[in-house]
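The chain below stands alone and is given in structure tokens; this is the form predicted alone.
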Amino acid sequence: MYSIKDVRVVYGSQLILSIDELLFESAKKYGIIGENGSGKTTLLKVISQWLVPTHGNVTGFNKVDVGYMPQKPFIFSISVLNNVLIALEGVSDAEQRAFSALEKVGLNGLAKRRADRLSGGEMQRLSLARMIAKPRQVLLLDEPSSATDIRGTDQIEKILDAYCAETRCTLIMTTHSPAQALRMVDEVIYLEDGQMVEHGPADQVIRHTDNPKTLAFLQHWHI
């Protein structure tokens, strides 16, 4: 069980995130939805320990076992293969694992290419390959398919489904698409102005909510 409690993030005089309590169960998949500026990325950064909250506690997350993939991926000016090998330092079969991960995301044919010359969608898939090259207890993904087209989105979703089934990791991802949340996750967290408005089973929150704030957000989407 992973938890955050009484977490506040303040920039200057502005309250960016305010979560009283949020629990994550092992081996479950969570989707964080909300408008731009609602606190989705800030929440992921707090969970990943990239951002220390102004107040509150984050427990249960071992940074060594957590993979965090930001929306704008970190790509190094080296080969595609070496970008993945960075995540496998000290692993005996690192190259085999790296090629396997690249094959899953459809980039094995570009292994020798300089990674900073890839397209935006290819960079996002490369970043995902780095995440799935080894088992992790927790996978934190910020809009993992935002730079891809429909086919790429479908590919990424299938890769994540298979990875989660194989590793039994906890997946926590942000998405602008409630439809993607319905396809991908067990539970949905809806944020607004840095606060948690609703948290529950994905179908309940997205299809059957009676919360007026959630309904106002969802009316812009055709589910």
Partner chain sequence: MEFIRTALNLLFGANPELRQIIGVTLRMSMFSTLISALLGIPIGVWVGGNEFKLKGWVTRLMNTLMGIPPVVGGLVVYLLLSRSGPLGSLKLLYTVTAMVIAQVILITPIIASMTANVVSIRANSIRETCHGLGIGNHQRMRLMLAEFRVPFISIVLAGFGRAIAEVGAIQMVGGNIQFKTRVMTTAIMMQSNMGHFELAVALGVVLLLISFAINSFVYRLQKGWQRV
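Everything numeric here is computed off the predicted structure, so don't read it as measured data. Residue numbers count along the first chain shown, from 1.
The following text describes the form predicted in complex with its partner chain, which does not appear among the structures shown.
Proximity to its partner chain in the model of the complex holds for none of G109, K158 and Q180, with the criterion being a heavy atom within 4.5 Å. None of L141, L81, M131, V105 but one reaches within 4.5 angstroms of its partner chain in the model of the complex through a heavy atom, and that residue is M131.
The partner is absent here; in the model of the complex, the one residue of T170, T175, S48, S38 having a heavy atom within 4.5 Å of its partner chain is S48. Only one segment in the set 161-169, 191-199, 62-70, 25-33 has residues whose heavy atoms sit within 4.5 Å of its partner chain in the model of the complex; it is 62-70. Taking the partner from elsewhere, S77 is found to have a heavy atom lying within 4.5 Å of its partner chain in the model of the complex.
Residue contact with its partner chain in the model of the complex: R97 places no heavy atom within 4.5 Å of it. Residue contact check for V91: none of its heavy atoms lie within 4.5 Å of its partner chain in the model of the complex. Contact annotation: I86 falls within 4.5 Å of its partner chain in the model of the complex, judged by heavy atom distances. In this stretch, 166-198, not one residue has a heavy atom within 4.5 Å of its partner chain in the model of the complex; the partner itself is omitted from this view.
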